[in-house]
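So this first bit is one chain, no partners, the form predicted alone, shown in structure tokens.
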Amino acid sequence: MLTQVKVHNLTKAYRHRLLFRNLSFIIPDQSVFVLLGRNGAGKTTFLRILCGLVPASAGQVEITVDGKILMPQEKRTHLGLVAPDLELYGELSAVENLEFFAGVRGIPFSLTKARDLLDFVGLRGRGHDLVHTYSSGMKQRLKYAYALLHEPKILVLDEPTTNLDEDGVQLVDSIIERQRRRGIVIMATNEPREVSYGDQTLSLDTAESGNLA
């Protein structure tokens, strides 16, 4: 099942403040795309447009899976998101969070799969602990479990190794390599180590041209 993201003349402005203009590029299947830029350049906004959470001022993002262009309501089926502003529910356990998010996505919930995912992200034995007892690094690991719950074709990462220790960073390495084999990774970062993941990079500091490196 081939996946492609095509960005065509994408522009975003808030009132009189232009974030980026006329971005045009294609992200092919089995690749990692890295978005760069200073704070406030629009990296997170771009990711939110991609996920259908924020409208563009002009232009479009076209996602194709197995030859079919996805309608806006179909995107959540194929996108997984890890971001600092992604809310987890502290009064629920990790398993309960995953069950809730499965319901939001409209996918069946499997306790066995949830436990396997928690084991994979390094939360073995902590699935029934309330999330408010988690450290910031543990919460970041849980976000990865949530993003991978429905086996997305496109994994969207905003500051992917935030709050993670060295073991957590290695986990992200393995997730990115696994996702590259099955689809696309799109990430926003300025960390040199994370930039090195990219098959393509784009800096929003020179966003009007939208030239890829």
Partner chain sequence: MVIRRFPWIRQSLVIWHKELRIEFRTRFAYSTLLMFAVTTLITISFSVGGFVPDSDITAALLWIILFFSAMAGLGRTFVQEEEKKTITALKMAVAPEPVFLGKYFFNVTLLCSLTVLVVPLFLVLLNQSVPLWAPFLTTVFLGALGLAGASTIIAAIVAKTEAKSAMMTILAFPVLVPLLLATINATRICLAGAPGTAPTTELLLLLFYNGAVVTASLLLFEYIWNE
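Positions refer to the first chain, counted from 1. The shown structure was predicted, so the numbers you read here are calculated from the model rather than taken from an experiment.
Beyond what is shown, the protein has a form predicted together with its partner chain; the following relates to that form.
Peer 1: Partner absent here, but in the predicted bound form, which of 180-188, 157-165, 35-43, 50-58 has residues with a heavy atom within 4.5 Å of its partner chain?
Peer 2: Stretch with heavy atoms near the partner: 50-58.
Peer 1: Name the single residue among R76, R126, K113, K139 that comes within 4.5 Å of its partner chain in the predicted bound form, judging by heavy atoms.
Peer 2: When its partner chain is considered in the predicted bound form, the option within 4.5 Å is R76.
Peer 1: I have L86, E99 and G106 flagged as a candidate spot, so tell me whether each of them has a non-hydrogen atom within 4.5 Å of its partner chain in the predicted bound form.
Peer 2: All of them do, each having a heavy atom within 4.5 Å of the partner.
Peer 1: Are any of the heavy atoms in Y146 no more than 4.5 Å from a heavy atom of its partner chain in the predicted bound form?
Peer 2: Close contact exists here: in the predicted bound form, Y146 approaches its partner chain to within 4.5 Å, heavy atoms only.
Peer 1: Is V121 part of the interface with its partner chain in the predicted bound form - any heavy atom within 4.5 Å?
Peer 2: Residue-level check for V121: no, no contact with its partner chain.
Peer 1: Would L117 show up as a contact with its partner chain in the predicted bound form if we use heavy atoms at 4.5 Å?
Peer 2: No, L117 stays farther than 4.5 Å from its partner chain in the predicted bound form.
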